[in-house]
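Let's start with one chain on its own, the form predicted alone, as structure tokens.
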């Protein structure tokens, strides 16, 4: 409700672009009746269902798990499914929604993530297990689990990637999303290829290309720290052979956790 008790009407300003008919991007305003608990994604659904069925955007789980609905809202990347729209209105009850920056636009709020996924696959994001797999299970100490810094919680939404100014200048940069995944595998004692991974990301398009501006941290909806992971990878790349040897020694005893005590 508005201050005078009448239903609150908000203005949702959306960047539109249809490559079949439009020569350039433009903003279109839609009036939406705000309802208690309405998220940004709810507003987009309302517009598509009641005002303009051609509005195009990605969404899936609606529980901040799939990462499909990452967009740029008032200049910041976020998952629109988990954000109350009222929290992002300005004094005129307006909100501006654009697609993720630095990525080619397919239509409206949908971007082409081809390069994003190519860089992700480049780091071989899967676990490469050792030859001597334990009969029952791998054993990791609490310290070894903590060293992963919750990197496994990344949902590959693209918010950090498209917030990175380096990505905005060159698509050769591996990107914070892929480097965070590389960090996850390098730090995982079950992985048998840390040396190979560190060698691959140590080039001019890898960890040393990061400008440490922290945009990726601000953009991450899961509150992860790709910058810290990249800094760790830089240090490990400088002592790659020693780290690789230590990993090989640790993997001789994967059936027993190593503790700091």
Partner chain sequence: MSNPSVITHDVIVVGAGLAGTWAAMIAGEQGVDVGVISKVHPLRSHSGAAQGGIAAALGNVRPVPNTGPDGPLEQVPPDAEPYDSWELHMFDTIKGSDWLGDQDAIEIMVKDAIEIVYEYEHMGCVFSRTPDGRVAQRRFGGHSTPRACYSADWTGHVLLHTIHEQALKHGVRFYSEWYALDVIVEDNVCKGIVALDILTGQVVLMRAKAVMFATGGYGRAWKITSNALANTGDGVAIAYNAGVPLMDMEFVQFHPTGVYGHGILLSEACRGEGGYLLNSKGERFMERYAPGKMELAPRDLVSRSEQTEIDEGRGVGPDKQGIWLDLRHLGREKILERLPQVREIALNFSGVDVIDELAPIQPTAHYSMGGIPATVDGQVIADAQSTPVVGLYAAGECACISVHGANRLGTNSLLDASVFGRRAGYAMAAFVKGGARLQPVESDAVARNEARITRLMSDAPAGKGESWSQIAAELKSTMTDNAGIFRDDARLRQALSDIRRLQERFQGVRIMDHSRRFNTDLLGALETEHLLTFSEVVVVSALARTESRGAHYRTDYAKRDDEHWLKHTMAHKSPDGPVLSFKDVNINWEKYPPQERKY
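Positions refer to the first chain, counted from 1. Remember, predicted model here, so these are calculated numbers, not experimental data.
Although it is not shown, the form predicted in complex with its partner chain is what the next lines describe.
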Should the three residues 54, 62 and 188 be counted as contacting its partner chain in the model of the complex, with contact defined as a heavy atom within 4.5 Å for each?
yes
Just give me the single entry in 211, 228, 45, 31 that has a non-hydrogen atom within 4.5 angstroms of its partner chain in the model of the complex.
45
Position in contact with its partner chain when the complex is considered in the model of the complex, options 166, 78, 89, 154, heavy atoms within 4.5 Å
154
One stretch from 211 to 219, 232 to 240, 22 to 30, 54 to 62 that, in the model of the complex, holds residues within 4.5 Å of its partner chain by heavy atom:
54 to 62
Verify the contact flag for residue 118: yes if a non-hydrogen atom of it lies within 4.5 Å of a non-hydrogen atom of its partner chain in the model of the complex, no if not.
no
Exercise: residue 106 in contact with its partner chain in the model of the complex, heavy atom 4.5 Å
yes
Please check if residue 82 has a heavy atom lying within 4.5 Å of any heavy atom of its partner chain in the model of the complex.
yes
Its partner chain contact in the model of the complex: residue 98, any heavy atom under 4.5 Å:
no
